[in-house]
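Consider the single chain below, provided in structure tokens and representing the form predicted on its own.
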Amino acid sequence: MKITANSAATANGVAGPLSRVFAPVQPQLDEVDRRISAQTAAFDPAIEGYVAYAIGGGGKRLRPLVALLSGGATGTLASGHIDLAIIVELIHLATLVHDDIMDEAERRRSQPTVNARWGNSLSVLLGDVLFAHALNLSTDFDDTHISRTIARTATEVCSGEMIQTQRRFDLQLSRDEYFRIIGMKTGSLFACAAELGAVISGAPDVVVRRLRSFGAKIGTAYQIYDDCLDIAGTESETGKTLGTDLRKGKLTLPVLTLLESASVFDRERCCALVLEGKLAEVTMLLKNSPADGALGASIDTAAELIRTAQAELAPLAANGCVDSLFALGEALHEMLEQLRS
């Protein structure tokens, strides 16, 4: 499989708790960044500039990280792992373009979103071509199981986004339905990265299944973190538009927990505030409701998911990449705890 590379490295810009997790695969991640930047050459010159803008914002590169660490945890990293890392990141970038359109977000990664610069019509098509390009790259794997898994995951991610959009402002949404949605839209791509990283390394099926489960749980926990960040974070620190979930009627775990724990009278008031998009009032309730608040309870739920994800790693032979997969959970837990203050 050949994906054009160039020599221009871009920093992944990761700081704080996550920074220590990247060390075992940093050279490979640098190569991923270079080759993602080089993907613009695959597009018609008329749209190359738009593609460069969409993929040039850096980001945490968590999905490529999981793909590479999973590969290194189960074998020797090869070019196929880097190809996989590029593909899962391109799928993720495509979803971000579409998410920003639906949320009417104006900032991401401290710069204007694609839709803020060029409008929704062009942005929809840009997200589409990124999806299509990622799926086209996946067909270069000799193992058709890999390309089928990537295509199936892309379908699942988009389906999860559609269901979430369908259920906006639906106060009857249950916790089980919420977890199904975020498992599809976020957990599935992490699961794909972890599973296929091990597949490319030739790991036994039982190990592949464990790493897929690890990825699904870590990805789901990360989505809960992101949902909490939308409420408790600050735009100056995150570099993106916050509060969009509530304004757009996405009932995330903190809101669902608040509605479940409220008395009949308070629930009616909470529902009204949610439907009216009263961000400040709902945020105050989320932080100060009983039992350490719905926000704290959601953080606890994500922390438990992280613990169960880490348990999947126990049978693996220890090496630097296995240690970093475990440390990824620890870093995510630390990021969650920072939202309590």
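Computed from a predicted structure; not experimentally measured. A residue's number is simply how far along the shown sequence it sits, counting from 1.
The same protein also has a form predicted in complex with another copy of the chain, omitted here; what follows describes it.
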Which of 197-205, 153-161, 211-219, 75-83 sits within 4.5 Å of another copy of the chain in the model of the complex, heavy atom basis: 153-161
Heavy atom of residue 267 within 4.5 Å of another copy of the chain in the model of the complex: no
Can any non-hydrogen atom of residue 170 be found within 4.5 angstroms of another copy of the chain in the model of the complex? no
Using heavy atoms and a 4.5 Å limit, would one call residue 271 a contact residue for another copy of the chain in the model of the complex? no
May I ask you to state whether residue 279 is within 4.5 Å of another copy of the chain in the model of the complex, using heavy atom distances? no
In the model of the complex, the residue from 234, 165, 110, 174 with a non-hydrogen atom within 4.5 Å of another copy of the chain is 165
Would you kindly say which of 229, 116, 259, 135 lies with a heavy atom within 4.5 Å of another copy of the chain in the model of the complex? 135
With the partner left out here, if you bring back another copy of the chain in the model of the complex, are 244, 305 and 307 all within 4.5 Å of it by some heavy atom? no
Let me know which residues along 133-149 have a heavy atom within 4.5 Å of another copy of the chain in the model of the complex, or say none if there are none. 133, 135, 136, 139, 140, 141, 142, 144, 147, 148
